[in-house]
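Given next, in structure tokens, is a single chain: the form predicted on its own.
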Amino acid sequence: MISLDQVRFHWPKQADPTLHIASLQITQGEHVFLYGPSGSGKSTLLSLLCAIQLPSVGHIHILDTDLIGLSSAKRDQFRADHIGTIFQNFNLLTYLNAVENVLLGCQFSQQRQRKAGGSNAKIKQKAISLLVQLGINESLHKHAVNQLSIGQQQRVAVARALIGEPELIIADEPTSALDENARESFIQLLFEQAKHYQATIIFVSHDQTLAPLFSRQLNLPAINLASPNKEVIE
């Protein structure tokens, strides 16, 4: 699913790399808990996996595609087709309702539109179905998302990431606003939905109490060969 080979990344004007990962493989369907202190390069790694940044050296393959070989426009399309992202602050559009926010997940990808049903009516029905499965009652679907609770907004963000069945789900600190019980319930809900089509999950969190819920734990400083004594920009 994901393969990194001798990947290094330097920020401009930075002498030493922020990241140096000799080798990393993640298989389809794995649920990976990625952790490390602030400044260890977690956000940098996510930006590389999302093809927002390119490594200074090395290769990143996702779904047998070498991201290095893609133009900027093709990297954008690859991201839209294959990667669903759940952000820490959710990044929902407050002037849209819950269903409209979910539909944004496949707006720029014909591939995800086909997987969600093809026609506008079927895609909308898929968005509604996802919201219901995630515990958002239909009575709330036409509410602007800023009228929903934090937990409900979080579930809208998950539905947006999952619609159209992207193979890779990246979740960046999505549970930081929740209490402990709500965090575990949320993660189990995410796993249940991803299991339907064997999506791979990379979940970033500072909260290591969540690590046992995942099939694999990945300590970034342990695999990052960049000097830990240097100041790292994340």
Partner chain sequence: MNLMHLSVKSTFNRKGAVLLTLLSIALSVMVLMSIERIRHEAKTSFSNTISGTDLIVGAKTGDIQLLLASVFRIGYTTNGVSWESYQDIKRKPGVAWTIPLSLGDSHKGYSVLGSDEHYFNHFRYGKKQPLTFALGRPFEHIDEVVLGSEVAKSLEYNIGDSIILSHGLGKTSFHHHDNHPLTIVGILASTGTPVDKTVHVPLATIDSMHGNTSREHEHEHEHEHEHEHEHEHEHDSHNDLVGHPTQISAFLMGFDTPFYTLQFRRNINQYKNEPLLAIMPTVTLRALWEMLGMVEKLLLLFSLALLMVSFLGMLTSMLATLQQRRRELAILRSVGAKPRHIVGLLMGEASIITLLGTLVGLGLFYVALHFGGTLLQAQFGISINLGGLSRYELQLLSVIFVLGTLVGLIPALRAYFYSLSDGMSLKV
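Nothing here was measured: the structure is a model prediction, and the numbers come from that model. Numbering follows the first chain given and starts at 1.
Although not depicted, the form predicted together with the partner chain is the subject of the following passage.
- Not one of R155, F191 and T200 is positioned with any heavy atom within 4.5 Å of the partner chain in the predicted complex.
- With the partner chain omitted here, the record of contacts in the predicted complex names 45-53 of 45-53, 28-36, 183-191, 62-70, defined by a heavy atom within 4.5 Å.
- Residue T94 is the only one of N137, S149, T94, S119 with a heavy atom lying within 4.5 Å of the partner chain in the predicted complex.
- Contact between D172 and the partner chain in the predicted complex is found at the 4.5 Å heavy atom cutoff.
- Mapping the unseen interface onto this chain, I128 falls outside it, with no heavy atom inside 4.5 Å of the partner chain in the predicted complex.
- Shown alone here, Q107 lies within 4.5 Å of the partner chain in the predicted complex, counting heavy atoms only.
- The closest heavy atom approach of Q111 to the partner chain in the predicted complex falls outside 4.5 Å.
- Counting a residue when any of its non-hydrogen atoms is within 4.5 Å of the partner chain in the predicted complex, the hits in 61-80 run A73, D76, Q77, R79, A80.
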